[in-house]
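In C-alpha cells, the next block holds one chain alone, the form predicted on its own.
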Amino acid sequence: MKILAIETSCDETAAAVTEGTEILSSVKWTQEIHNQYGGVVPALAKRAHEERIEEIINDALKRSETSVQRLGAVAVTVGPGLAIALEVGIKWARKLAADWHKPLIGINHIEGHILSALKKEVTFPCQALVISGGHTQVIRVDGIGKYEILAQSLDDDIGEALDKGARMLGLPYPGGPALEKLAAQGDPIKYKLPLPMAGREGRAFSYSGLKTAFYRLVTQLHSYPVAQFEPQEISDLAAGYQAMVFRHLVRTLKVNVQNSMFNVHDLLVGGGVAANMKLRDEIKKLSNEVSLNVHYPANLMLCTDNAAMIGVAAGFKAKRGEFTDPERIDRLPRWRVDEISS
C-alpha cells in the first residue's frame, strides 16, 4: 500500500510517500524563522506550516511519481508535539482523505522515530533510544505498537540541553550541530564539569545541574559577551560540555541494558541527536562492551523530524487494519508512546 504521510509536530513541514518500508519520496522544509528567537515559537510555527504545507505535499506526490488513485491511505502525526502545529497537518490529512476517499491513519511521532531504525534482523523484545530536542527516552519494544518507557528526562531533554549550552557560547539556534562542529576541534577535558548521576536506578536523565554548572564556568572565565573568548577556548568549552551530556546519556543507557529483565541484543536509535557522529562513537563503544547490535535510520535525514518515518509506521498499521476514524482524529500533544495500545 502506498501512503501519503504528513508531519507537522514542531518546526518541520514535511510530507512523504512510502510503500511498506520503502521511501518513494521525502520532502521537508525547516522553519528558519525561529532562529532569531533561540527556540520554536508555536504561533509562528503554525503560520509557517499553513503557508508551506500544500506545496510540500504536492512536491512529495510529484517526486514519488504516484497518482492519487494509487494511494492506499493518508497518514499524519497526531502527537506528541506542539498542539497548534499538529493541528495544521491533521486538518490537511483529514481533508485529503475525505476528498480522495482514502482511509486515515494517525501516528505517534515517537513510534515513527523508533520504527525508522527497525531492520529485518532485529529481534523482539529489544530497546529503543529516542533522543531529540523534545524527547530523551529509553523504551522497551516488545513488538510494533507495544512499548514501555524505561527511562526519560526529569527536566531538559538532550537536544534542548545541547541547544542551551550552545547558546551560552553565542552559537545560533539550533545549537546542537554548531556545538558538534566546534567540539570536534576542542579538548573535552580542558575544563572540569560535573557528570550527572543515573538517577532512580537508571530510570531518569537530568541535565539541569550540568547546564547550571556550565553557565557558571562560562561566566567565571569571562564576563559576557562571549566574543571576548578566544576561538580555542570556545571549542574546548563546547567539547567538554558535549562530552558530559553524552557521557550521562550513555551511562544511563548502559544501566538500562544491563538491568533489563531480558537479554538485549538490539538497540534502535532515532531522533535528531542520533545524527551526531561523536555520540555514535560513544554508543559504538558501549555496544562493543555489552555485545549490542545498534541500528540507526538509513540516512541522517531520517534521524531528524520527517514524514517518511510517519509513512513507514503507518505501513505497519495498515497491514494490521489499524485505521483512524476521521471524525475522531484529533491532536494529542502529550501522547506517550506507551499509551498506543491502551
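All residue numbers are counted from 1 along the displayed sequence. As the structure is a computational prediction, the values presented were derived from the model and not from experiment.
What comes next is about the form predicted in complex with a small molecule, which is not displayed.
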Using a 4.5 angstroms cut-off on non-hydrogen atoms, would G271 count as touching the small molecule in the predicted complex? yes
With a cut-off of 4.5 Å between heavy atoms, is S132 one of the residues that contacts the small molecule in the predicted complex? yes
Looking at the partner-bound form in the predicted complex, is G79 within 4.5 Å of the small molecule by any heavy atom? no
Contact between P125 and the small molecule in the predicted complex at 4.5 Å, heavy atoms? no
Of the listed stretches (85-93, 253-261, 204-212, 133-141), which one has a non-hydrogen atom within 4.5 Å of the small molecule in the predicted complex? 133-141
Answer key: of I283, C303, I56, A45, within 4.5 Å of the small molecule in the predicted complex (heavy atoms) is C303
Of D156, D236, D266, D163, the only residue with a heavy atom within 4.5 Å of the small molecule in the predicted complex is D163
